[in-house]
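Only one chain is included here, represented as structure tokens and corresponding to the form predicted alone.
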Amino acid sequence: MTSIDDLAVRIPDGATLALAPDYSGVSMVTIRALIARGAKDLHLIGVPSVGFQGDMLIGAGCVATLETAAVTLDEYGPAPRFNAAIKGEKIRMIDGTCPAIHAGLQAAEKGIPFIPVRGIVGSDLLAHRDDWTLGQDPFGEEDGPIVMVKAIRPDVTLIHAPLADRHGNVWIGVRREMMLMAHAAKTTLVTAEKIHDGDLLADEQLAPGTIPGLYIGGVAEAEKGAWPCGLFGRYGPDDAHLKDYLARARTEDGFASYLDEFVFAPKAAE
């Protein structure tokens, strides 16, 4: 067990950081702490997409590279600081696909250097990815080429979960992408809504959706830690706040005022 500020310190500058999509478990409270400490040169991996947390980190100048299948704020509109960074050539963009990102993480999870994926064949993406290569089925059972996707092993996975216990076990329910992210990464840092009194792995109902503590490098308790995004099965997104963010983040000055109010000022802890 540790603090949110300590989790932010454990994500070093230049780290490869895996983030879940907004509909999953996003540790917005740690994202704000990362921005407050002035994180730099992060390589973000959206699994398989990234939303508000990625847009904020990019706008704050914390990101050097973004690798993802999509950047989406869903019905709230385009991601303004991401769009500005791309147009201004302020970040390196690595385009992926949902299956390729999941496959790369699965390769790391299994401890193998690459994994074959068929669906990318014929895509222009192949011309821009030196970590994907065409090959053939060595058993000759399938006609045509297949793509070998290099393993993706993040330095850190960052997630927010409904429950964790004092053994370091973390319950993520049906959000299996977070299990994959934890298996693939060198370490996983977690904020949790609540600390469970018992052992999550000893509970037959909770154990199947629990990441064992051996994959977890640190846990901080953070009620409403996904705010202003929602957390599955617990609370929905704060629509008014997210719309306010979007309106402000359309300009650099507006985004700076948002950070002053909700990241650098005491109000950010509310």
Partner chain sequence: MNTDFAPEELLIATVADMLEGLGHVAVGAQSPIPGSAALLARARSGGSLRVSMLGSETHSPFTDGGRELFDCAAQGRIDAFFLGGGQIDGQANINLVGIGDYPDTKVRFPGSFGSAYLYFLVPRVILFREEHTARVLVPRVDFVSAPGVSDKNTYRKGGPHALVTGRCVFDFDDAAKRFRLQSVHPGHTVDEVREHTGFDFDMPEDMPETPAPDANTLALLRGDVADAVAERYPAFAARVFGNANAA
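Please read these numbers as outputs of a predicted model, since none were measured by experiment. Residue numbers count along the first chain shown, from 1.
Omitted from view is the form predicted in complex with the partner chain, to which the following refers.
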**Prompt:** Among Gly218, Gly61, Pro228, Pro212, which has any heavy atom within 4.5 Å of the partner chain in the model of the complex?
**Reply:** Pro212
**Prompt:** Is there a heavy atom of Ile195 no more than 4.5 Å from a heavy atom of the partner chain in the model of the complex?
**Reply:** no
**Prompt:** Does the partner chain come within 4.5 Å of any heavy atom of Glu177 in the model of the complex?
**Reply:** yes
**Contact of Met28 with the partner chain in the model of the complex (heavy atom, 4.5 Å)** = no
**Request:** Please check if Val156 has a heavy atom lying within 4.5 Å of any heavy atom of the partner chain in the model of the complex.
**Result:** no
**Message:** For a quick check, can you give me the residues of 110 to 133 that have a heavy atom within 4.5 Å of the partner chain in the model of the complex?
**Reply:** Lys110, Gly111, Val117, Arg118, Gly119, Ile120, Val121, Gly122, Ser123, Asp124, Leu125, His128
